[in-house]
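One chain follows as structure tokens, the form predicted alone.
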Amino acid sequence: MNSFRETKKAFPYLLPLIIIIAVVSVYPFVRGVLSSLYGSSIFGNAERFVGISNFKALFNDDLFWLSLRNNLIWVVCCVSLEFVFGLLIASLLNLQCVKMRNLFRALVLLPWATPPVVAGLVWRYILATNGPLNIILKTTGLMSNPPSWLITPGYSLTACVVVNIWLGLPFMSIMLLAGLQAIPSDVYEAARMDGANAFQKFCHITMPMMKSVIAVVVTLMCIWTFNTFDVVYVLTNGGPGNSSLILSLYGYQNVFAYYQRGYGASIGVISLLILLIPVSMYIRALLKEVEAE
């Protein structure tokens, strides 16, 4: 009863926030789901209800499956490599013997502070056929005939992955560093006195005690990476030959290039359903931890 009274008293203070969330988040979500059930174009006011026809057409669309495959490759490569390199950087920055650690921590954040569009334009210049990277490769003799990274089907998606890792690595590193610093030093000291080596400490202390931090960071990075649009759009625009096309870009093209608003909205709905998988897995793991405590 007391909790109900407290909630009732707090409701007027929460009402502005609830309205803002409803306007900013709930309404666009509902509007997007409803749009996926209609067939329309940007230039037409008349909308006709088509039900799940957009989704049926989507599942028979080769470009959808190609973009979905590219998206999965994109997420797995980006997040896994960001985690590996991020954990390595965080471990190095956590060492007491490293001088000027605060300076290096600030430098690590520089890519994260760069707007993705600006970073994409800079990297598009670097990775151009006659850009600085290819000039260095030719000059040093590492590659006599380096490829055109952004316009060659076998390299375009890889180039986008590298740029996205460069952008996302600072966040991963800093979050993992925060997790490492939260581990009590006396735990490592007790393990050292028991004769544990560095690898055993990492496997039996570091990773188990960072499990919750890793789950949060990896879940967030999977969601953000899956929804990435600007990096691929600036670097390759899905080309050449749709070799780097991902779902967010394909949805954008359907709405603003092909004028199929309902079809583009259906791609967004499918993306949402896919993203519910890692989110539900994280929530289930979190509830298990709460029950265990």
Partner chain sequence: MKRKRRFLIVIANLTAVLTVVLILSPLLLLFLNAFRQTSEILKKPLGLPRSFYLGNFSHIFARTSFTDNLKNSLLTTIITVFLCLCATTPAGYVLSRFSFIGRRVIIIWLLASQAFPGVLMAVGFINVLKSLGLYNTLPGLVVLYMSFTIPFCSWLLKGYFDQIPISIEEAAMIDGCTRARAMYKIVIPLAIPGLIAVGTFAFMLAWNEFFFALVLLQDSKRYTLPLFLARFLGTGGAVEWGYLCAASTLCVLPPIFIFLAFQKYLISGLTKGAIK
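Rigid core here is just the name for the largest C-alpha set that superposes within 1.5 Å across the two forms. Just so we're clear, the structure is a prediction, and the values are computed from it rather than from any experiment. Residue numbers count along the first chain shown, from 1.
The next section is about a form of this same protein that is not shown, the form predicted together with the partner chain.
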Checklist line | Heavy atom distance at most 4.5 Å to the partner chain in the model of the complex, all of Leu63, Thr158 and Tyr258 | finding: no
Item checked: Listed residue that, although the partner chain is not shown, lies within 4.5 Å of it in the model of the complex (heavy atoms), from Ala198, Met193, Leu142, Ala113 -> Ala113
Notebook entry, point to check: Can you pick the one in Met207, Leu121, Val187, Leu81 that has a heavy atom within 4.5 Å of the partner chain in the model of the complex?
Noted result: Leu121
Check: Does any heavy atom of Val76 come within 4.5 Å of a heavy atom of the partner chain in the model of the complex?
Finding: no
Item checked: Residue contact check: Ala106 to the partner chain in the model of the complex, 4.5 Å heavy atom -> yes
Check: Using heavy atoms and a 4.5 Å limit, would one call Ala57 a contact residue for the partner chain in the model of the complex?
Finding: no
Next item on the list: Determine whether any heavy atom of Cys203 comes within 4.5 Å of a heavy atom of the partner chain in the model of the complex, and answer yes or no.
Entry: no
Item checked: Residues in 215-251 with any heavy atom within 4.5 Å of the partner chain in the model of the complex -> Val216, Val217, Leu220, Ile223, Trp224, Asn227, Phe229, Asp230, Tyr233, Val234, Ser248, Gly251
Notebook entry, point to check: Does the C-alpha of Ile283 move 2 Å or more between the shown form and the other one once the rigid core is lined up?
Noted result: yes
